[in-house]
Every structure is written in C-alpha cells, then in structure tokens.
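Next up: a single chain in structure tokens, the form predicted alone.
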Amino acid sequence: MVTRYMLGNEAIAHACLEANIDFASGYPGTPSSEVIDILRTQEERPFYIEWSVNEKVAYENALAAAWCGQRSLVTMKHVGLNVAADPLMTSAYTGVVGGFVVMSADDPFAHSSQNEQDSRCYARFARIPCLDPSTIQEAHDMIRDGFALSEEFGLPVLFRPTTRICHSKSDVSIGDPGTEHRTGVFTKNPAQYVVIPAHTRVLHKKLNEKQPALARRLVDLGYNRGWVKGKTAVIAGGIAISYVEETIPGDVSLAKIGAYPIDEEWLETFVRQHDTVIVIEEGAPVIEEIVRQVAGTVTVLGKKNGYAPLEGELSPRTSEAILEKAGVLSFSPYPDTEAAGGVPPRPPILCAGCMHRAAFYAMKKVYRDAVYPSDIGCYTLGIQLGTVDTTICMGASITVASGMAQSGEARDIICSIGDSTFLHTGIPGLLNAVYNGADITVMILDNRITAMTGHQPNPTSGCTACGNPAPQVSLEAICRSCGVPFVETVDPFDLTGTLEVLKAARQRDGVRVIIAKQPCVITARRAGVRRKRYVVDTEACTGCRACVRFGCPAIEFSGDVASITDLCSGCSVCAQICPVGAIRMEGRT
C-alpha cells in the first residue's frame, strides 16, 4: 500500500484497476467524466474501454460483459441514469455473473446540470445496493469492494459519489493494480436472461428475497454503523458525514449511512435509544423517510419539518446550521461569509473563436422572429445571444421543435443540437419529425468532439477512447437516411455562405437540416492550427459596437473604439461583421 495525493475520480479509477476490472464504458458527464478519461490513458492494466454514444448503450454493453463473467464498470452523471433507466430496472431482475458497478455521479446544487436528482432513489426503485461515500478514501475502498459485493449477491451495484467527492483531492491509500484477467463467456439460460412475463414474475420474487440478507450484509461490512453516546443522535449519509464529524459534540450519538438498503431492524435499534434524532443528508430525504418509519415516538428533525434544506449542496457551514437549529450546537465554528465587493460577475461564455457563436449569429440574422429550442452542450451558452429558448435534456431540441410546430406555433422554429448530442438521442427525434411531417429547421453544430465535458472523442472524431483510428460517421448521410430532403453543410466562419444557406432553408417546407462544421477552437489549437490574429484600425472604427454585440470575449471597447486582445483565434467573423471594414487581419493594410 502507498499513499498518494489524488483527485477523487483518480482514486476511483485506480480502485477499478486494483479490483481486476475487465470492461469499462461510459458517456461523459460532469462530475463523472475523468474516470473513463483516466482509465483510457493508464498503462498499468490492459482491458477493454469505450466511450459509448449514450448512457443506455454504455449500460447495456457493460451489463453484457458482466453476464459473460467479467468485472465491468459503467459511468455517467445522474441525469444520464435517466437514459439508462430502462436496462437498469430490468438488470436487477436478470442479475449478473461478474461484478458490475454502475457509477452515477450526482451533482447537488446543479453546478453543471439541469436538475439535482438523487441517484439513491433509483437504487431503491430498482432494489439494488447503493454505495454512498463520505470521503475520497471511502470512495476508493467502496468501488474496489463493490465488484465483490455485486458478485456475492448477483446484482448490479450503484455507486453514487457527489461532486465534492469526484472533484476534491486528498491523500489516499492505494494498492497495486490487479493481475487477474477473465475471458468473457456467456452461459445460455433463457429463464434468467429472457424477461418474458413467465420468467419476470419468478425473477422479481428472487430479487425481493435477496433484500433482507443484502441489508444485513451492508451492516456487517461496516458501511452502516452507529455510536450511542447520549439521548440525542445525528444520522448522516454521504459527504454530510464528513461535515458532521468535524463539530458534533462528544455527548451526541452518531450513525453513518454509507450504503443502501438500510437494515431497518438495525436502524430501529439505534434510533429508539434516543429522544431526538437529526437526519442530515444531501439530496432527497431517503434516510429520513426510513428513520421516520422506525422512529415510533422518537422526535425526528430533518428535511420534512424544515430543519434541513430540501435542495442545494451541503457544506460544513450549512450542516452546522442544521445542528444549530436543532439545538445540538450553540454556535457554528464556520461563520457566514460574504463575497468580496467590487468583483464583476463572470458568467460562463463561449470561447473566443468558437464556431457556435458565428452559427448563432447567422441563425439570428435570418430567423429574426423565431423560436429557438436547443440542447445540452457548450452551445447552451447561446442563451446569452438570444438563440436558446428551451433546454430540457439530451436530444430534446428536435422533439421540442417538432412538438411546437405541430401545435400550430406560427413563427419559424429553428433548433440547435451538437454532434455528440445528435448521436446520443437526437436521431430518433429527427426521424420522428420527418415521419410526422414537422415544419422545422435543425442546425447541427458539428465541432467533431464532445467538448463541454472535456473533449472526449465521439463517432465524428475519427478515433476511439483509446486513440485508435475509427471511421468518422457522416452526419449528412444519417440525416438523409432519416428522410430529410434538405441537408446542407456550411462553414460558420464563412458568414456570407452560411447566411445564404439559411435563407434557402427558410424558403422550404418540412424538415431542413443545416450542419455547421468547424473543429472546436480548443482542439484545433491543440492540433496545431494557428490563424493570424485580427486587429482594429482605430482610424476607421466609428464606435458603432457591432463587433461587441457579436459577443466575442476577444473584443474590448475602450473610449470610443474597439480593440482585439490576445484571445483572438483568427476566425475572421468580426471582420465580416464590421460595417465600415475597420477590422483586418494582423499584418495587412
């Protein structure tokens, strides 16, 4: 064993190596993405790794490997588990042979997500075990042991780290990568793997019969444990355990919940030794609901009676505030802090030279009074340019646009979706729109990479997760095969050409697809693409601010004239926008 200072996701990835992992798949999503990124670049243990086109595909691939007896991992963020929910629910019935760990990383406070849902609810729904770490060391140990737990009960194990676990760092004691390797062999057993009703009814009964032993085993493993010290107790789960342990008084009892299902007999024994129990957990009141079921006359304080917040992310300060409100602490060692004054707000913004900005600019020029459904990706930041009216979930832009068109909305409807998101769940929406005769324009923003989550490759990138060459799929061919009669590809940095294609699309009826293609400005720079910067001719600049309204962070305005900073990537769009020709390539006169 050695101790290393590690990122949470790095510790999780290393634990997979120690556990003799054979197969890993996933779809990128903050805060989970680094696990597959680290596994695909490590050289300590060879095994199969892939970025899949969506979470359902990733789940079913990893599930199949587990059916073949391999130890497999699938990773995603919490909203991705919605996409994989269909196979998740049934895989609890079929069970697994090799260890199967499902990493669903939750994002309390929605730092980079569209909601704050709690993956523990899915585990309870599916009736599979859930491991909920409170520290990075525990995250490492839990995922290492999760494969063995999965094999012991023949069930998928859901592993639920939160943002503070995934993206914090600490010293972690780690072991050596395992050297065992398994060859996948599927043993045919239709009664286990073919979920026709006659088999399903039997499998459901078997799943329910596993629950009592599973709950007791989680206590025996030490994931759920308590210490009785007085008549008041705190019961905490996940990262909240770490916050509570820092300041809980010595005469207050503590129970740690690190895994689910909770053994209700064990929990009832602990709870009923107290007069008052305070429950502190992040997300939904999962622990609290079970505590209330077993509490009898014991007073329970938590989310349901206003002692703890129902939403948002916990911190040491908010956890101590709960204890103050419950009368456990008389003061908090973490005083409230206020942001320093005078610091300007810095909302997230598209990069200088990002092709999305140019595409949105052209879209807005042609479709002035339109409705703009959009999707999940960097381009969601188009909300600042007035070209994002709706965002729900991956792939919803085309279906929302189609629904609006079929509802009788009279204005033009033009939606936007990235290349990775289109491949994720956009294709069925496009097929449906064509089949049902929707009247919409779809702009696919194709930057050849899954950019927002850290530039993971996808089927448009030309390489696999491990960097091996792969065919680049043709978005044009996919759209045409869906029956789209109007499919055109544009270079958004060619503003004139893009505007002409948009105008032509607007004159047509039915589904029209415009593919705006330019590499992500960051990956292009990493690949060695260097364009000359642009500068402002201060003598010619009239101060009209048309370039500033374009929204590029490389353009500044001081006094009465514009200037261009070192952020310029040379995309040239500002020069095409300037009405008096005051912006030119550096070095030209």
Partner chain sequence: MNESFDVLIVGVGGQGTILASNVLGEACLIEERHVMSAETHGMAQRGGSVESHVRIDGIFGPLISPGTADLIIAFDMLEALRYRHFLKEDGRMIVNSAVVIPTSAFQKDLPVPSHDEILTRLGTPVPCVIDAAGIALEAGSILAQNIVMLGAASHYLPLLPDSLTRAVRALVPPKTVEINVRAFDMGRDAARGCGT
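Nothing here was measured: the structure is a model prediction, and the numbers come from that model. Residue numbers count along the first chain shown, from 1.
The next section is about a form of this same protein that is not shown, the form predicted together with the partner chain.
If you check the partner chain in the predicted complex, you find no heavy atom from any of T232, E281 and K325 within 4.5 Å. In terms of contact with the partner chain in the predicted complex, the residue from P348, G408, G296, G250 that brings a heavy atom within 4.5 Å is P348. Only one of the listed residues (N61, Q42, T523, T30) places a non-hydrogen atom within 4.5 angstroms of the partner chain in the predicted complex, and that residue is T30. Of the candidate stretches 490-498, 375-383, 206-214, 116-124, only 375-383 has residues with heavy atoms within 4.5 Å of the partner chain in the predicted complex. Within this chain, G69 is remote from the site of the partner chain in the predicted complex, having no heavy atom within 4.5 Å. The closest non-hydrogen atom of E338 lies within 4.5 Å of the partner chain in the predicted complex. The closest non-hydrogen atom of T276 lies beyond 4.5 Å of the partner chain in the predicted complex. Residue contact check for K532: none of its heavy atoms lie within 4.5 Å of the partner chain in the predicted complex. In the predicted complex, the residues of 234-252 lying within 4.5 Å of the partner chain by at least one heavy atom are, in order, I239, S242, Y243, E245, E246, T247.
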